[in-house]
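One chain is shown next in structure tokens, namely the form predicted alone.
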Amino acid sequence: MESTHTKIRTTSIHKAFYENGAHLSALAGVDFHASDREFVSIIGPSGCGKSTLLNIIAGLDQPDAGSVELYGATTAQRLGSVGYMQQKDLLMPWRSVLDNCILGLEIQGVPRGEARTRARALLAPFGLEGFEGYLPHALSGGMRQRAAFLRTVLLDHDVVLLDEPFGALDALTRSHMQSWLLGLREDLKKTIVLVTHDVDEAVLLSDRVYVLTASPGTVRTVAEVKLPKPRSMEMVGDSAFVKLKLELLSALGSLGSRVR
């Protein structure tokens, strides 16, 4: 059910691209919403427009038709209004962990000393305390992703978009990152939208899960995740978890998608 404190709402979003003269429809009438402090995941087959939808919400792209509402207002000027973390960590190799984390704040004009003070206060919960002077090449994949996530969170937007942030990690590291985010999500007090191909990840972390159809993407189903909180990795074997996972896999299977 949609809250009166809706942070994001898209209505009948359509988007197409043209490549080599060919018309490629990416999204066809997507309705989506995420409320205050809600964690919402989007899953669907590759190429169904999940990342395109995030780009539109973030203001990196504009829809061909439909509307996007952020923080209760409809505007085309959304760029810089949300935090956005993509799959690649995009850390600068010549900057330390600490200075990578404060890059967004520096771009906003925050003095470096103040930015570093803000970042240091969050190093421990992000598992980076003691590593602030390291260069990115010395970090594990999981630590690099945590540094990129901290950089995103430091911008202090109420809405954070995550585009497969753990997709490039090995299975064990990914599991550790999911467990870490489980422990952190309640403390962040933000509205989070996650694009993922991992059904377990979507169910474990989310309040709701959207399933998009194959391209052009539209919403096939929306599943409410009513598992108790706080959640833990051990819940993946619970009957309620397995039942919802199978429902989502069935929806994805009927689309001919491959999931993991």
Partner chain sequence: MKGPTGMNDVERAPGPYAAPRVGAGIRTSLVRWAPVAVIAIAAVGIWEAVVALEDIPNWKLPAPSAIADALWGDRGDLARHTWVTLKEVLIGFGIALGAGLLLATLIHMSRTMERVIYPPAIASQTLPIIVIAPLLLAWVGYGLQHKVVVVALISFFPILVNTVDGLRSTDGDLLNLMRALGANRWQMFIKAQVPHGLPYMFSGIKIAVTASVIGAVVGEWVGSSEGLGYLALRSKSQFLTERVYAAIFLLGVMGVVLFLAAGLAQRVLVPWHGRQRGGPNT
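These numbers were taken from a predicted model, which means no experiment stands behind them. Residue numbers count along the first chain shown, from 1.
Missing here is the form predicted together with its partner chain; even so, the following discussion is about that form.
- Note on the interface: of 68 to 76, 93 to 101, 182 to 190, 113 to 121, the segment with non-hydrogen atoms within 4.5 angstroms of its partner chain in the model of the complex is 93 to 101.
- With a 4.5 Å cutoff on heavy atoms, L135 counts as touching its partner chain in the model of the complex.
- Its partner chain in the model of the complex is not approached by V222, whose heavy atoms all lie more than 4.5 angstroms from it.
- Within 4.5 Å of any heavy atom of its partner chain in the model of the complex lies no heavy atom of F149.
- Interface residue remark: L162 is not counted as part of the site for its partner chain in the model of the complex, having no heavy atom within 4.5 Å.
- Residues of 125 to 147 placing a heavy atom within 4.5 Å of its partner chain in the model of the complex, in sequence order: G127, E129, G130, F131, Y134, L135, H137, A138, L139, S140, G142, M143, R144, R146.
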